[in-house]
Every structure is written in structure tokens, then in C-alpha cells.
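Presented as C-alpha cells, the chain that follows is alone, the form predicted alone.
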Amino acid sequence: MSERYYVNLPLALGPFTLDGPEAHHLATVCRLRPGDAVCLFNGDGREYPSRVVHVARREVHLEVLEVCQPLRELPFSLEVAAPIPKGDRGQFLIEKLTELGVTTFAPLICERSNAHPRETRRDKLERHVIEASKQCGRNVLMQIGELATWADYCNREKTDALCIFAHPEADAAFSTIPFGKSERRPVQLAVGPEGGFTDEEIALAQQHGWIAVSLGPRILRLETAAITLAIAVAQF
């Protein structure tokens, strides 16, 4: 696969000028030269194979040669809600959810949340999504929702989604959930902070139709639980 570059602009066949950080990365870091192949994407679900025409100091001139729409997205909506873990663990979580095809990530504030506000900055999370999409080949960016409390998230307008949250003391195992492969019903997954959801948060979720599931006999870290749930749903 050619080097992939994200541009927040409309793309079409023909000449295109790339500037800003991506142009610097292409010209200075990757040292691409006229004639080299690259692949542009802008989140519209397509990718745009291109050729470098000219490299200037602050911009790169390219020719868009094709418009392709490879099938790399899940056939249903998959949303994951969780607090952002601290430091590199938060970046790791966003990267892996992007790679797994998650449609939306909803950052949560729970009673036991302890992340610093800068860890949940939306622009920072969106940058992680873009970098992961460049690597994994996704052409639709995982969306980052607004930071919300668990109560506000549960009280959102009801949809037809199958709603599942991880709880180590749940009676039901994830494998017992009746997924319908043919209906492709939207799925929402939720994971609590370190220390888990409180009893009140669990009761609130169940009042709103959320199903509690266990992920096994061991206590998983937040990001491990979220990724495990996403993998399990994506393969159905």
C-alpha cells in the first residue's frame, strides 16, 4: 500500500496541492520525490491514489489518478463508550478501536473516573484517529462524541441499538448474547473506569435496557475490556 495522507478537503481526479503538516511530513520526513505514489483520503469513505508531481518548500503538488472505495467498514454501527485512561493507554485505546472498525467513541465521565481533562480533549483524540486510520487503511474516520457523564449518556434518546456493558459480577457471559447476524442491529458497548461502575450507575444502566455481561474470571483493565468487547462484536 502507498503512503497514506489525510487531508481535510474535498478530493477529486486531477491536480491537488497539499500543504501544512502533511506536506512537511511527505517532503521532509518521508522524502518523497516527483513520480512517487501516495494515497490521499479525507474521511468520505473513498481513497485517492495519486502521484507526486512537484515538491516545493511548503507544499507538494500531486495528480489524483483514481477514486476507489474499498470495503473496509463494518456493515453495522458500533459505538464504544468509556472513560479515557491516562497517558499512552488512552492513545492505545483510540488506535485499536479505530483499527477494529468502531464507528463512534463516546468519552465518559463516571463517578470513579480519574483522567486529567487534557486526556479527553477532542482534538487530541481525533488526531489519534487520523494516525490510526492512515496505518490501518480506513477511509471513514471513527467519530469522537462529546464528553458526557454516564447518567447523561444513558438518558440519551433511545435507539434500537443493542446496549451491552461490562461488569465483572454479571451473571451473563458475553457469548450468551443473542446477536442476529442478518439484522445488523446497531450495537453500543460501555466499559466503566478503573474500579468499575458504581452500584447506582449499574442500576441506572439496567433501567435503560443495558445488558450486563462478564468478560471472564479476571479483572481486565479499562482499555483491555473495551477492545475485547469490540473484537467480539466485530466478528459476529
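From a predicted model like this one, the values you see are computed outputs, not experimental measurements. Heads up: residue numbers just count along the shown sequence, starting at 1.
Absent from the display: the form predicted together with a small molecule. The rest refers to it.
None of 30 to 38, 60 to 68, 163 to 171, 45 to 53 except one has non-hydrogen atoms within 4.5 angstroms of the small molecule in the predicted complex; the exception is 163 to 171.
Proximity of residue 200 to the small molecule in the predicted complex: non-hydrogen atoms within 4.5 Å are absent; the residue sits far from the partner. Taking the partner from elsewhere, residue 18 is found to have every heavy atom lying beyond 4.5 Å of the small molecule in the predicted complex. Of the heavy atoms in residue 219, some are within 4.5 Å of the small molecule in the predicted complex. Contact between residue 23 and the small molecule in the predicted complex is not found at the 4.5 Å heavy atom cutoff.
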